[in-house]
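Encoded as structure tokens, the following chain is the form predicted on its own, with no partner shown.
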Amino acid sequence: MPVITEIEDLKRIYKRRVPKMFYDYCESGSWTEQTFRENCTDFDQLYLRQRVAIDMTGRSTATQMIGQDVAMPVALAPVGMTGMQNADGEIKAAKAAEKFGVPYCLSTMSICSIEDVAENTSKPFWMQVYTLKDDDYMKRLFDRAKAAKCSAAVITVDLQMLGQRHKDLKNGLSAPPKLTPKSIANMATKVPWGLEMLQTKRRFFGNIVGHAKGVTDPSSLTTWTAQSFDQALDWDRIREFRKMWDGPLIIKGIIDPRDALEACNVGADAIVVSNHGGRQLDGALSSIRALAPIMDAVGDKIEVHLDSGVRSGQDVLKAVAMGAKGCWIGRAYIYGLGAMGEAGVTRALEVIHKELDVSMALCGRTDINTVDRDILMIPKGFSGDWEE
């Protein structure tokens, strides 16, 4: 068993173990991938202030996200096709999150269904939904989430149309994936992955097939997906979705302060500052750069979370210091899942927790709830000094 001390260790194993098609799906951004890269590298521009001769005992990373107790301010973000990274991947990730004490958010485009995850876990998870035109499907999706006792709904608002990701097009990665001689040959080299996939019955989009009207096979799914995403989406439409769900609501995909204020107006309980991991509008600001102006705009009107680019406990610490109540991780736990299954997700969470805990202590804080901008050195103009 290799010694895992950082998320990059898991990524290396993941790359060896998982077919290229699914590795590239995870490890890519749109167009030139500028935003995908800067989501990570912009964290490096924030420096931490080390403090000494301060009692570091009795530390706690426990806090709350949307009123729910969490072991640390981290949630597992919704990632489409997680069950293709590792057999029954959504179930494994949800179980690891539950045992660790952090939220898990299931994607609409998951391989395992809401019911599959609910059956294999004992604590409520969050359910992510897209802004689709099919009202009948949307209402039933929310009803299924209620029946599964999901403790929050997450509406993703930055996917009215798909950003172009060159690697996915070249690999034939779509919903469902198009198998080519090249991708089949590559899959044949990933024997442990393949053997596990052969042993599960869950290889299709469990939240859609058999639930969306007319979706019974891969070709009908392709047609439904192409027609369902709502390019006419506006805030009034989001208000309609709010009426379909009376529980805690999180709006994910906010990168501009004006949209953050609109999210407050539709009755959301929290927003996620996110550029979809750099997979939608290339050339957009990184999430960590966008955070401060959004915090300034909304103040304490709404709870603010952040995703995109979070690969370490120090990233979490920096985002919390900038005002976020929590961070969502996607790629960081997918690396672990693809590398080692449920144990790999647990290891990813352990790595992030340890780095968060130690770094917080070395900054002179023993409680994550007391962390603020005082622990940071922020470059002038970090969030931009733009012409009007």
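Please read all numbers here as calculations on a predicted model, not as lab measurements. Quick note: we count residues from 1 along the sequence shown, nothing fancier.
There is also a form predicted together with a small molecule; it is not shown, and the following applies to it.
Wondering, does residue 329 line up within 4.5 Å of the small molecule in the predicted bound form on heavy atoms? Flag for residue 329 set to yes.
I'd like to know if residue 121 sits close to the small molecule in the predicted bound form, meaning any non-hydrogen atom pair within 4.5 angstroms. No, residue 121 is distant from the partner.
Evaluate residue 156 for contact with the small molecule in the predicted bound form, applying a 4.5 angstroms cut-off between non-hydrogen atoms, and reply yes or no. Yes.
Using the partner position in the predicted bound form, report whether residue 310 sits within 4.5 Å of the small molecule, counting heavy atoms only. Output for residue 310 is yes: heavy atoms within 4.5 Å of the small molecule.
Can you pick the one in 113, 107, 131, 171 that has a heavy atom within 4.5 Å of the small molecule in the predicted bound form? None of the others qualify; the residue that does is 107.
So which of 73, 78, 103, 206 reaches within 4.5 angstroms of the small molecule in the predicted bound form, heavy atom to heavy atom? Selected option: 78.
Check 95, 125 and 347: does every one of them have a heavy atom within 4.5 Å of the small molecule in the predicted bound form? Contact check failed for every one of 95, 125 and 347.
Specify the contacting stretch among 207-215, 242-250, 300-308, 132-140, defined as having any heavy atom within 4.5 Å of the small molecule in the predicted bound form. Within 4.5 Å of the partner lies stretch 300-308.
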